[in-house]
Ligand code: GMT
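The chain below stands alone and is given as structure tokens, in the form predicted alone.
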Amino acid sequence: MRIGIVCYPTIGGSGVVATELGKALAAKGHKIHFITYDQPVRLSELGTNMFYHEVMVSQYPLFQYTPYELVLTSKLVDVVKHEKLDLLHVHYAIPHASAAYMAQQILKQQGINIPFITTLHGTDITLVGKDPSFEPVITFSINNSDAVTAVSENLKGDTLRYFDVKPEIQVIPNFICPERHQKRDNAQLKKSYAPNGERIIMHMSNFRPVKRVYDVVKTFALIQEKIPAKMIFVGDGPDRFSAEKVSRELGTCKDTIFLGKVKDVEEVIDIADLFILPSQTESFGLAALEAMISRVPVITTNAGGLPEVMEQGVSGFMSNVGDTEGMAKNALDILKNEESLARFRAGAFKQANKFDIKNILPQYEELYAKVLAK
């Protein structure tokens, strides 16, 4: 098949999943054309069967904001026509699904039929989608997709709750590529952060309010009262400064490291002994899954799609949102001795392997074939 994949090229979960999906499809012989405004971060090099088409966004004095949806539509028309694509797979509803619909209608007038599949990833529904000004466009785009998928049952439920959606939404979960997280010798790196054998706690996110990074700082302070530990934050965003401020106020700043954005998270995540993700909501929880495949147990909330990823008491523990005392207690239960930590490391790895891309890829291929057979 010749498949066009439309995604955001940034380090967010939707872009990572879309890129890794395309790479896996290309490895199986499909021709994959990535269409976006910058080369995806996980697409470090273009291999066999993979192509990249940049959406050029020009600046015009007439426009205060460049109409990306329109230039994306034009690029989709061009790529579909000249690369003879069989279908489009768009990740994230805004503005990819509406652009795909417009491209489909333009091409239909030229005698070209191009179906498109929309995959919903989370914030396009739970945050952006709640804005009433977007509702008519999102509803229309979803309803006119040839197929719709969501990355969790929780996200499917939210979509049906917020929008008047007609087509069936198929749940195909996010996935990980285990070979990217093969155990490496990071002993020296770990020692540089924890020279005296302290436990390393890690959090990774875009530091938006929904991630509740303050709860990470508070939980770490409670952990550190009981055992020697270091805290590593990976990522950046609007709440980073406030997190730094709170860590100073609680006196944990001397044992806290803010690494900023890290392109290849697998290079650092496996030095952690524990991963904390206390989000207000997560449509899936890809960061938790990446920790688990690196044999790092996880402390999360029981919000959103996280219960579909986690196994309570095996890969880690889930608590109610805001329960920092409960999260700290659970963390200490995992870290109390080497035997306990080893058991949870093994449980996290076993649970994560259920989401191996080898188990998920056939579901997408079957969906593609079904759509093309219509």
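The numbering used is simple: start at 1 and walk along the sequence shown. In this text the structure is predicted, and so the values were computed from the model without any measurement.
What comes next is about the form predicted in complex with the ligand, which does not appear here.
In the predicted complex, the ligand stays beyond 4.5 Å of every heavy atom belonging to P297. The closest non-hydrogen atom of N206 lies within 4.5 Å of the ligand in the predicted complex.
Using a 4.5 Å cutoff between non-hydrogen atoms, E290 does not count as a contact of the ligand in the predicted complex. Under a 4.5 angstroms non-hydrogen atom cutoff, the ligand in the predicted complex has H121 among its neighbouring residues. Contact with the ligand in the predicted complex, defined as any heavy atom within 4.5 Å, is confined among 96-104, 197-205, 277-285, 261-269 to 277-285. Residue V210 is the only one of L87, V234, A303, V210 with a heavy atom lying within 4.5 Å of the ligand in the predicted complex.
Checking T159, T149, N174, T256 for any heavy atom within 4.5 Å of the ligand in the predicted complex turns up a single hit: N174.
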